[in-house]
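In structure tokens, the next block holds one chain alone, the form predicted on its own.
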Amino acid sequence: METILFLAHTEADGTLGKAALETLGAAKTLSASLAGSTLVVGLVGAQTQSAANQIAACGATRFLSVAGADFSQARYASDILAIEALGKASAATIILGPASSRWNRVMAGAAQRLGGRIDTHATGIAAAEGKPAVTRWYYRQRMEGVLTRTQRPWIVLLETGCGAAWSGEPGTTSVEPLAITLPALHTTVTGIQAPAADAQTIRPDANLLFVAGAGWTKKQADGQAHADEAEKLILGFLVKAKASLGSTKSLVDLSGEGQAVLKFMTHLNQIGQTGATPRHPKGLATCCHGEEPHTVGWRFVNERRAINLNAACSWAQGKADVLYVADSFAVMRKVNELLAAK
């Protein structure tokens, strides 16, 4: 019999975010498929009642929490004590949490304190022959592995975008608070410095991924490069469409070759075999050719479209759902005009 602990931290507004709800959906499905298992909720945050009420109908047998001002922000010293207390109070054999930056930082240490094992970057967990089994990708998402463990507790951090988020009507539920005695803390969170919304180009939860290729900085029909105009068109589209920005390796490498570059583009935007693997519902590639090292990162994008002047490029060989044979500059100028008018 397994006791499954859904472990999450609250967002700034006291609720649970998309990644946490996706993990809850996986935890509930796993609990339903394992005979005799129970589902327990563990919450960490400044206040947790709102989050507990948000998922009151999830079917958990207990709602545990560690709450207080000291737990409002990520801090290793306080988070690890909260996780340890929740793990022991719930007597959990399986602990599922979202692979957020906060949990990724602390959960391995918590596994050591609880005497368990941990697997990160998991893309799914389900029952296989009556036992929980974790799915994980290897070699830049080219191989899928399925693994099980006998060691308990088993901590699993699930990547976002890999499953459906739990949805249900909010309600009211009682929460069991756990008292934590913190040691002398050596760090204090005084505030958050974040870029302006217009400067933010990486948006994991955006509905659309816009990918720019090296063609944006090459010479155009008039024989001149127009990197400045390319920057305005791309940033204008990102702001209007609230899209996330991706890039090919060839474009982000241009800065080291002394060529014209897009000043806001970094290796963090890189999509592909040596970059990120996004999971946006839709993707639009511009000025890139759809070669394998790049498109390998697109395999989890549901609807793929591309703009390229070459009708015989790799996008046309079945790697895009729709290929627009057109000039990306002209297309994006018109798209931005339509978005501005709308």
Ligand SMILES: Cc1cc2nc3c(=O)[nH]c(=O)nc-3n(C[C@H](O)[C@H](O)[C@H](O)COP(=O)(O)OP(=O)(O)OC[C@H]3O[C@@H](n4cnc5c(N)ncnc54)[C@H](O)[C@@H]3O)c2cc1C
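Counting begins at 1, following the sequence as shown. Throughout, rigid core stands for the largest set of C-alpha atoms superposing within 1.5 Å between the two forms. All of these numbers come straight from a predicted model, not from anything done at the bench.
Unshown form predicted together with this ligand; subsequent notes refer to it.
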**Request:** Consider the chain as shown here, without its partner, and state which of 46, 316, 309, 57 has a heavy atom within 4.5 Å of this ligand in the predicted complex.
**Result:** 309
**The unique member of 214, 238, 81, 208 whose heavy atoms fall within 4.5 Å of this ligand in the predicted complex** = 214
**Asked** Taking heavy atoms only, is residue 29 within 4.5 angstroms of this ligand in the predicted complex?
**Response** no
**Request:** Consider residue 289 of the chain shown here, and say whether it contacts this ligand in the predicted complex, taking contact as heavy atoms within 4.5 Å.
**Result:** yes
**Item:** is_contact(residue 87, this ligand) in the predicted complex, heavy atom dist at most 4.5 Å
**Value:** no
**Message:** Check residue 121 for me: does it contact this ligand in the predicted complex (non-hydrogen atoms, 4.5 angstroms)?
**Reply:** no
**Message:** For the three residues 2, 33 and 168, which mark the spot I'm curious about, does each lie within 4.5 Å of this ligand in the predicted complex through at least one heavy atom?
**Reply:** no
**Fill in**
Exactly one listed stretch (267-275, 87-95, 101-109, 169-177) reaches within 4.5 angstroms of this ligand in the predicted complex by non-hydrogen atoms, and it is 267-275
**Threshold 2 Å Cα movement between this form and the one not shown at residue 220, rigid core reference** = yes
**Core superposition between this form and the one not shown, C-alpha change of residue 20 at least 2 Å** = no
**Item:** Displaced residue check between this form and the one not shown: residue 66, CA, 2 Å or over, core reference
**Value:** no
